[in-house]
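As structure tokens, one chain now follows by itself in the form predicted alone.
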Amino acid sequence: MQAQYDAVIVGSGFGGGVSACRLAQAGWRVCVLERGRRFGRGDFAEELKQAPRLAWHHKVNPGGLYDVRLFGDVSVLCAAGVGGGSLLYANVQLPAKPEVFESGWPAEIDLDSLDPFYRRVEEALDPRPTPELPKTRAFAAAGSAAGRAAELTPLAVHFGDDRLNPFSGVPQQGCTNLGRCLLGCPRHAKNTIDLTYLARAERDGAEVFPLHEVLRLEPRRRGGHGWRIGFRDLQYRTRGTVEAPVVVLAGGTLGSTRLLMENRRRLRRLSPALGTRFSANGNALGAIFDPHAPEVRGAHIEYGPSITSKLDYWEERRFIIEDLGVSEPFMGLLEGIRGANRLVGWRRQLLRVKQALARCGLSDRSVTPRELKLKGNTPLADPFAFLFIGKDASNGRMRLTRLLRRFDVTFAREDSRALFDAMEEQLAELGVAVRGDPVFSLDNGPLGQFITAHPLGGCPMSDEHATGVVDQYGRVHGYEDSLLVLDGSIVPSALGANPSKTIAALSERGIAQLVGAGGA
């Protein structure tokens, strides 16, 4: 690692990968610091007994993929690895709903202004609908039985023969419907950020340093302008620093917000809005067990990409429903939706203790490998599983607790009760239509607690310093010339869709402005 770069980027997902790529293309000397490891095709879990190795922990298992955090009101699922959340997301590439921009966003941002940047994302990630599968047929039949037409979702997945990725030149194999999108694809058929934007960035000279967790952000007061970034090397247990005139924070909703909060004493000009506008993106889980309608039998949700289709109830009820599949060895986890304990022995009790501590203020507890030993599969008769995404109140709050200054997230679900009630009601209608047993879950799932995989907010965008941490381009108010945040934390509301495409488009827009405004 060099002592100085033109830009240091913290994180390597949909914000960091885009930023690294576009800055490297513009000739900047770029350093990317990523707390997770690189993942090759053979590095992902294939069987239930391998589940413990999925849990990321900076000491116990820095090579893990899933970073699961327990807070008092909510659990949050994040990724750790080169490529960020793209490694374990379901590849869905949907734009935000146009109505979400009508309130709480900078005046210049709407669907039309983001359209050229959405198209840039499409050029890199190449979204395509999946070929017809048993699950797409069954899901369409279920929607039809309930009076709603299903739509295929655009997926950043390569369906076809082995190839070199057209954006980056990295070798890929075609999708063979393993159902492992949420666990990591062993064929590299997913057009993940590491295989597209980051590979292109490295081809243009960017340097990516895995297993480097950033802890300190300090404005340089002597010897010139810019920033000193302090990190710890999780592999060699050492610490170091690197400097740059420009820093892009892209550590995700939790990572970037936590980093700014923990360094706030050195960043006196930060907005008082830091930590506000947390949203779970209206996430909820549901399932229909044992459907008897013949046209929906044989869905085989374990076969194919994890999500392939959606039912859109946005206009009337402000949410969408997506089909959700998981590979056969992990199918038994769906029993958690109806409250079944999938953890072995004392592990559930330990998890409950951690959740109780989080509710008492000892928040930000990690789920570690020893807590993820899971029971074997339970045979399930043709289940349907669903991911709900909707417009929640987006009024959660992140903070450092007074006791021990623990990072915490508060999220009052009652403020979004009408949304979740409407989701449960719609699932019940689907259950009747397919003659199955519907189960709507807010507090069950794998951890027995409300959980989101789409956390947003914490560093919300706004035209005003008093109401937002960053401006319309992701530039931090008070530090506009040198500090940006480009990730899910800047999104000031739920999106009504999977957030990855919008996060990438906002990053494309922010970096285009930065490069257009002049070099480092």
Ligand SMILES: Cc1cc2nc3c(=O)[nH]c(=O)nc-3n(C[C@H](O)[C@H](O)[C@H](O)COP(=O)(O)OP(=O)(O)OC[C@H]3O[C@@H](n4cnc5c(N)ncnc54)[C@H](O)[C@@H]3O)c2cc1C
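Residue numbers run from 1 along the displayed sequence. Bear in mind the structure is a predicted one, so any value in this text is a computation, not a measurement.
This next part talks about the form predicted together with this ligand, which is not shown.
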Is there a heavy atom of residue 213 no more than 4.5 Å from a heavy atom of this ligand in the predicted complex? yes
Residue 196, heavy atom within 4.5 angstroms of this ligand in the predicted complex: no
So in the predicted complex, does residue 457 come within 4.5 Å of this ligand, heavy atom to heavy atom? no
Does any heavy atom of residue 10 come within 4.5 Å of a heavy atom of this ligand in the predicted complex? yes
Within 4.5 Å of this ligand in the predicted complex, heavy atoms considered, which of 411, 384, 388, 89? 89
Between 284, 79, 125, 358, only one gets a heavy atom within 4.5 angstroms of this ligand in the predicted complex; which residue is that? 79
Of 47-55, 474-482, 34-42, 458-466, the segment with heavy atoms within 4.5 Å of this ligand in the predicted complex is residues 34-42
This ligand in the predicted complex - contacting residues of 492-511, heavy atom within 4.5 Å: 498, 499, 500, 501, 503
